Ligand code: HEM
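Just the one chain here, the form predicted alone, laid out as structure tokens.
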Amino acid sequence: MLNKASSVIPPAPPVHPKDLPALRFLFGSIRNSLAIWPDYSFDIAFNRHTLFGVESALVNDPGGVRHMMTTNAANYVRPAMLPRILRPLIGKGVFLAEASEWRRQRRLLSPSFTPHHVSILLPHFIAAAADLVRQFERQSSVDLSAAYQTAALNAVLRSLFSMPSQEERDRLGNLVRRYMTGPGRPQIFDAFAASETSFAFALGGRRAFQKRWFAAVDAVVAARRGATHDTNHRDLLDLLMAARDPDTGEQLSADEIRDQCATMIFAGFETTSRLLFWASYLLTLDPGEQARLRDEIASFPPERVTTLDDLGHWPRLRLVLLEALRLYPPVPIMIREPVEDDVIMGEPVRRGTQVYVAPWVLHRHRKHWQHPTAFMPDRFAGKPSPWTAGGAYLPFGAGPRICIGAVFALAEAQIMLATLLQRYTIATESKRPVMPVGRLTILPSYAPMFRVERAPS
């Protein structure tokens, strides 16, 4: 039994007593998808809803989630909204691929993300973490949200291409950030689009971005290909160029390598930087937990890390990151549409129905979690890979399409946060609560300034 008496309840959007009116729901979904849920959503297993003639269903039951994402996954595809937003960023990479093309890409990519290969990438994470803390040496007040975005981009570009220049890192990072706050923001047209190309007049900014972005990634890949380096698989590009389909021996084409690199850049820096921010914010709300982590890290400092097994010296840190992923899941809502009529939990679901699995709701569901709104890392004690069991915890998705980079992301986050906490205590300067905002990922409502002070030795 978990003890709530000493736990922290982080701020969250209000839960509505009943369903929102149709227009408030629609525009609220675009502004903040976390602020649209009625109270009963956090108790029920299944619910139907119709908005402007479009039928939807919310699945909150682990068995129903497994049916959709694993047992009958081939019957559920993404609606047009997601590829409309993400295609300009990640092209035809593994995240948006479907059916046989997804299976081919997954076979080619999976060997690059084994624990052995992630271990090879640890020096890149350590170097990026050192760059992160070095910038705080003459500062007492920092924007950790921006700092983590820079550090996570640094880590993923080092891991992909070994050592691109600071100028190149800044250029790529600025491109992605401008897209996410500009043409990449969800639009009203996305909600009603029947295909990726519907309402073509609204896609001009995204097309222009895709042209610039793909040219930039192509240039980095070409420069890295032409550079003189050893061939000991020191980065992910080495692994992607060496990948072979085990059935056919086929390699990835140049365009496919670019799209996979673009996917890794976006997913690797956007989701990991958000995880680091939210974990840090939670630790400012719970100074006792922060102190416990600092003691744990002092007993095995980051500079001693050489393999993934070494991260096992920080069990408490892992629990904190897992709990941060529960409270702030990287993807707050997943939507699928059945290709053929189906039955979920005894409920008929017609072809074309928008079926929602909302990790934001599922991770706070009162039937699946004790004290679901509280920050309580101990709930994951003794659960080495909780995202693979139960179906109520989906930080990396579920089923055969579970995130291929989960080990990569957690290792990077552990090293980054451990390196920071080894040197500094952190606290927010503002008393104003930081509210989570649901878009493609979960963003902070504003970027608070953090006090960073030298930790006692």
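Given the structure is predicted, the values throughout are model-derived calculations rather than measurements. Start at 1 with the first residue shown and count on from there.
The next section is about a form of this same protein that is not shown, the form predicted together with protoporphyrin IX containing FE (HEM).
Checking Leu362, Leu157, Val349, Leu275 for any heavy atom within 4.5 Å of protoporphyrin IX containing FE (HEM) in the model of the complex turns up a single hit: Leu275. The partner is absent here, but in the model of the complex a heavy atom of Val94, alone among Val133, Ala243, Ile297, Val94, sits within 4.5 Å of protoporphyrin IX containing FE (HEM). Using a 4.5 Å heavy atom cutoff, none of Arg316, Ala324 and Ile415 lies near protoporphyrin IX containing FE (HEM) in the model of the complex. Of the heavy atoms in Gly268, some are within 4.5 Å of protoporphyrin IX containing FE (HEM) in the model of the complex. Lys383 falls outside the set of residues with a heavy atom inside 4.5 Å of protoporphyrin IX containing FE (HEM) in the model of the complex. Interface residue remark: Thr263 is counted as part of the site for protoporphyrin IX containing FE (HEM) in the model of the complex, having a heavy atom within 4.5 Å. Contact check for Ile36: every heavy atom lies farther than 4.5 Å from protoporphyrin IX containing FE (HEM) in the model of the complex. Proximity to protoporphyrin IX containing FE (HEM) in the model of the complex, taken as heavy atoms within 4.5 Å, picks out 406-414 from the listed stretches 425-433, 406-414, 25-33, 47-55. Residues of 318-335 that come within 4.5 Å of protoporphyrin IX containing FE (HEM) in the model of the complex, judged by any heavy atom, are Leu325, Pro330, Val331, Met334 in sequence order.
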